[in-house]
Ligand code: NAD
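A lone chain, given as structure tokens: the form predicted on its own.
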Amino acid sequence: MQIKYGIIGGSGRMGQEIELLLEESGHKCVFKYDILGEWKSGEPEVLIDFSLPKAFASTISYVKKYKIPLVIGTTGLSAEQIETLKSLSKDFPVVQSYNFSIGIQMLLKCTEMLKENLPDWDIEISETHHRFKKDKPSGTALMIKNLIGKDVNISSLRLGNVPGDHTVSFGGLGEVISLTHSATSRRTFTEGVLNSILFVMGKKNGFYSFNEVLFQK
């Protein structure tokens, strides 16, 4: 089944990777909106947003205009913008995540297990991304921090062309456990986006995480 999709931020690094994979998979881009303006050749059936928070209002308006599902991976969204997404999801299905990697979901599950079993250990988070990434710390690092549920330090580096490295370390008096996820290619994120599109196309409405895309039965 060919899916006709629209993309916000298509000229960005992730946007280009997403379009490449979706075209390889037989799907067709019929709508784009980014710093170059608006382009349209048909009616989109789903909207993908990997842009910047300043484009958020446009994303919401396009979802309502075309009455279609949304898959959004934009980082740096405010609490108010997240609430807007949840309100939107009452009428349209929305998948929102700061990371569409299967490996990160496994890291989150392992982090939750360690948090529950090592309540008195020290915890630190570190992350490294490419020099062009706007938000700091990353949305994924904040996901890990929110899962831990307390104020922990996040160390952030912006270096070269690193797609994304995240480490969460638990330290006791005599030993340290570190969980690390390294993305070696943006392909892993785009495959997660494709899985999310296929998931959300079958939903009527609701606010979904990437964890639910992977594990909801």
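All of these numbers come straight from a predicted model, not from anything done at the bench. Numbering starts at 1 and runs along the sequence shown.
Beyond what is shown, the protein has a form predicted in complex with this ligand; the following relates to that form.
The candidate spot formed by I35, K54 and Y98 is fully in contact with this ligand in the model of the complex: every one of the three has a heavy atom within 4.5 Å. In short, of 84-92, 67-75, 105-113, 118-126 it is 67-75 that has heavy atoms within 4.5 Å of this ligand in the model of the complex.
Contact check for G12: a non-hydrogen atom falls within 4.5 Å of this ligand in the model of the complex.
Contact check for R131: no non-hydrogen atom falls within 4.5 Å of this ligand in the model of the complex. Remark: F189 counts among the residues lining this ligand in the model of the complex, judged by a heavy atom distance of 4.5 Å or less.
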